[in-house]
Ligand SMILES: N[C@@H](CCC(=O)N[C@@H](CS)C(=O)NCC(=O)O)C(=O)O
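What follows is one chain in structure tokens, specifically the form predicted on its own.
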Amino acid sequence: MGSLPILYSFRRCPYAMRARMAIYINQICCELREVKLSDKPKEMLLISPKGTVPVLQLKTGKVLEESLDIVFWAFNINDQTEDYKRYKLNKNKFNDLISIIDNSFKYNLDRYKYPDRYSEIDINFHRNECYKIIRDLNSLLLNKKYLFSEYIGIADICIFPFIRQFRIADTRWFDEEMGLSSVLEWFLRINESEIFQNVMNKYEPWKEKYKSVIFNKLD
């Protein structure tokens, strides 16, 4: 194995975004391999035949194939941080919220954003189902900068990429008509943050012959 973990990622994938954010926040250096979904590298498929990103191959050879596994691996490395301590004290609350986003919200988001992929879809119904969940997030964010504290943490980075997808479907409505100001402020705070800007750099799809990109290189 090489000297660094290897992360197979796709820039616009929300699951890959949360993985990159966790790695960045925890100041972990890794080799980043941007994946072209229509031409997935054989090296990735060899260690993860399911063919979805993100995939993280650790220096030991162990492979993490789920975004949340990568997130918690990254935070567990720095398990004395205040955010990780806060997570351990409120694990059920954090996990329940992330599960709602990964399941109910994602189900309705897909049908709202990509109605042509499904039959007999009422996009207003699915937008409203997403809205109900975002309204609950808005309640959590009253008088707070982030979901469970004044600092960005695990819940924020796990949820933000999916709220971003929802916003992209109709940016004007989200910003001007949705009427949930705490969520909008939270979203813009993360969207414009140094953290998010640094994990959204564009790279050419990785090929074995190319020089590797070192993500989060430490000085």
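The first residue of the sequence shown is number 1, and the count goes up from there. What you see is a predicted model; the values in this text were computed from it and never measured.
FYI, the form predicted in complex with the named molecule isn't displayed, but the following is about it.
When the named molecule is considered in the model of the complex, residue 31 lies well away from it, no heavy atom lying within 4.5 Å. Contact check for residue 206: every heavy atom lies farther than 4.5 Å from the named molecule in the model of the complex. Although the partner is absent here, residue 53 is a contact residue: one of its heavy atoms lies within 4.5 angstroms of the named molecule in the model of the complex.
The named molecule is not shown here, and in the model of the complex it never comes within 4.5 Å of any heavy atom of residue 57. Stretch-level contact analysis of 151-159, 183-191, 37-45, 170-178 against the named molecule in the model of the complex, using heavy atoms and a 4.5 Å limit, identifies 37-45.
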